[in-house]
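Coming up is one lone chain in structure tokens, specifically the form predicted on its own.
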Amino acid sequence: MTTESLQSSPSRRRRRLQQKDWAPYVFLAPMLFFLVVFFVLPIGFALYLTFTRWNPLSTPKWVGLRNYTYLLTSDPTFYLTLKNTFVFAFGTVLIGIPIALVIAFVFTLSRGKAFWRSIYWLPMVTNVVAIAFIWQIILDGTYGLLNQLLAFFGITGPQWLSDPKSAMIAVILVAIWTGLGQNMLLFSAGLEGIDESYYEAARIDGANTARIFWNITLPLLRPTLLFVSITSFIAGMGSFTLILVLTEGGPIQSTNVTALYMYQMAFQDLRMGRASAMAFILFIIIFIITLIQLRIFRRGGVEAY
């Protein structure tokens, strides 16, 4: 081997090392590009809009904190929609999660669970608008299938979607039905991850199904419960498509939620700055409640599993 080749070999190694150092960034560049273009920049622009008065037909005008001040001190509709949002979100979580958990537990113990999972998964692969139109027909106060069924038993059904007393209940039930398959599938995965030896030991000790569910299944299922409750709550706080098609926020604003009000303010009233401020207020509220949920579940022992 010549002297020149010996001297050039370290420089070759350095060049190769430098190329290896740059290789990960080259592969990550497309993802980072899309992250910046479709995530960071839109969020940054939306944050800027919260301090402006702007519609797409004019240039943004800086107004400082005026949008936040108006929403928090002078807009009663915002607080009404915020209350409706909490009712809708907590309703879907507190009612929908127990139903999904019980169904998943029953199907785990029964035969043909793959078939039933497929049936309950169908709403998740169906367009939300199509689901809303179908439920509009079912919940029609005069000719709807549900009221016709109640009339068969001599019961007069309410005007589900046109009565302020029942509209929010109807919307919550439809939302629960729509998300039931996803939550049930997540709970099924969590249930199948529990070691069968726990159940065998409980049966040997004479525990019945209810006691096994309460003393073994629920404690070991806390991480799944945490995930499902947080994702369901976030989905409920940001939901508006289903409500837009079912009731358009009516009757008398009884089902108008913050996300729908935000949509109306941005694309009907063309108040982009105020709508952006509302979006960030809603984000902060969701973030705080998510932290509270995490703290509650950690106190219950999620970290132990």
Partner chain sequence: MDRVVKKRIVKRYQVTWLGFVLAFCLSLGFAQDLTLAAHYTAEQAAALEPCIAAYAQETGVNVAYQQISYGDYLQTILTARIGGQAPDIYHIYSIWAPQLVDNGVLDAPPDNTLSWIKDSYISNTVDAVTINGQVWGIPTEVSNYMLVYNKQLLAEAGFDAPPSTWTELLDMAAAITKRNDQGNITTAGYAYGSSTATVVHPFFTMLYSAGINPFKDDFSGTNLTSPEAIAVLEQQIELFKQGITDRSIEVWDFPSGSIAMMFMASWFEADLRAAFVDNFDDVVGVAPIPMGDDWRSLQYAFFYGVDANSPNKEAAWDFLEWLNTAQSEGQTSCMGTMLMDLGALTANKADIAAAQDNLGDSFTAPYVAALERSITEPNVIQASEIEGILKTYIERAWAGELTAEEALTQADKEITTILKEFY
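Residue numbers count along the first chain shown, from 1. Everything numeric in this text was worked out from a predicted model, so none of it was measured.
Beyond the structure shown, there is the form predicted together with the partner chain, which is absent from this document and is the topic of what follows.
- Although the partner chain is omitted here, in the model of the complex all of 156, 263 and 268 have a heavy atom within 4.5 Å of it.
- Annotated contact segment (heavy atom within 4.5 Å of the partner chain in the model of the complex): 138 to 146, selected among 82 to 90, 206 to 214, 219 to 227, 138 to 146.
- For the residues 122, 72, 134, 151, the 4.5 Å heavy atom test against the partner chain in the model of the complex is passed only by 151.
- The partner is absent here; in the model of the complex, the one residue of 108, 182, 231, 162 having a heavy atom within 4.5 Å of the partner chain is 162.
- Though the partner is left out of this view, residue 253 does reach within 4.5 Å of the partner chain in the model of the complex, counting heavy atoms only.
- Within 4.5 Å of any heavy atom of the partner chain in the model of the complex lies no heavy atom of residue 64.
- A residue is said to contact a partner when one of its heavy atoms sits within 4.5 Å of a partner heavy atom; residue 30 fails this definition for the partner chain in the model of the complex, lying far away.
- By the criterion of a heavy atom within 4.5 Å, residue 44 is excluded from the residues contacting the partner chain in the model of the complex.
- Applying a 4.5 Å heavy atom cutoff to the partner chain in the model of the complex picks out 53, 54, 55, 56, 57, 58 from 51 to 75, in order along the sequence.
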